[in-house]
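As a starting point, one isolated chain is supplied in structure tokens, in the form predicted alone.
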């Protein structure tokens, strides 16, 4: 495997900025050199053997202790998420609570999911299925849900006996450093969880090392590159990638306040920076104008501002580059005839990576807001007349992470959920994102599953042993 042409310089640093306050500098973190990355891998291999040997009960005990320590420092994690990537404080707090609950579920269910299972038994022999760790797992994680990406990428792998070397996105180095420090203060066994710091170049170097498994949360483009690296090493990979999730609203729906609120937050939560958020709204033509106008009216009531202010409902995007790409995608739509119902600009009174929630109709398939993943606060809405047209529009994407359907006809809803090509789907107010449910996508939305029993299966070797009685 060829190494990057540009060598990492010793003492080079990542600078962290606040996207809500004119990109003021928050601090910096030293970028890991290739020598340091290799050292972390070596430490992980050494620690993994002992970590596996202590047994599942002791590993569960360590993860429960880590949960206690993470909970103790929850307020600081909330603050750092808000400062560094712009998540509103109230949302950040509820998100942390949810992922801490995932960690508890994993600890509570690890024994049932990872214990040996009898496959066959008669008078003379027993066949068993045994779960074993892969060894050292490289975890490369995105910036949009920092705390959750740690829990989701590592906790089941750790419980199964794997060791971790983790690299977060370069957008959140201070959060990553604080997490590393918190773990070290929790008396977690040394070398089992390791951190390296840097941009995509460091991630590429990490993927080239002597690892046994690779996980990545982020863009489909980067995921494809890492998939090639894993293939060249013949190691397994789990990819949680992008999405362009549809929601379909059928003509029997009442367009009341509850539905408008539900639709709005499915798109604009966390300033629309989440992979499985609704990114395309498909509405029966008889309701198209009403839905579009009511969403625009509701959007104008939302308070955009400093994420540390508890009144703030929508914070900034993570960086200027995200704003620039969003502006290009919206301009492309408007140039091709899209209708702007609200938004479409940066708020004049705010200094940072802010953008108003934007509603667009008159959408055509040649527009970037339809064909690309839009990772920012813009929602394209398109109409349909027939069931077949709605399904064709919903599946008209290279992604397949999630989707939603709104109808009072439960038989119709079930038919839609079975016809949509995506990994996680929901009807009305039902929710698919629960601790026990596997999460992952079809097509370019990823490979493998996280969470639930399937998540434990994903990060373990399966061995069958047959022995005489």
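No experiment lies behind these values; they were computed from the predicted model shown. Residue numbers count along the first chain shown, from 1.
There is also a form predicted together with a small molecule; it is not shown, and the following applies to it.
Only one of 139 to 147, 93 to 101, 292 to 300, 346 to 354 lies within 4.5 Å of the small molecule in the predicted complex by heavy atoms, and it is 139 to 147. At least one heavy atom of residue 375 is located within 4.5 Å of the small molecule in the predicted complex. With a 4.5 Å cutoff on heavy atoms, residue 268 does not count as touching the small molecule in the predicted complex; it lies far away. Though the partner is left out of this view, residue 358 does not reach within 4.5 Å of the small molecule in the predicted complex, counting heavy atoms only. Proximity of residue 330 to the small molecule in the predicted complex: non-hydrogen atoms within 4.5 Å are absent; the residue sits far from the partner.
Checking 194, 81, 217, 162 against the small molecule in the predicted complex, a heavy atom within 4.5 Å turns up for just one residue: 217. Taking a 4.5 Å heavy atom cutoff to the small molecule in the predicted complex, the contact residue among 242, 133, 315, 246 is 242.
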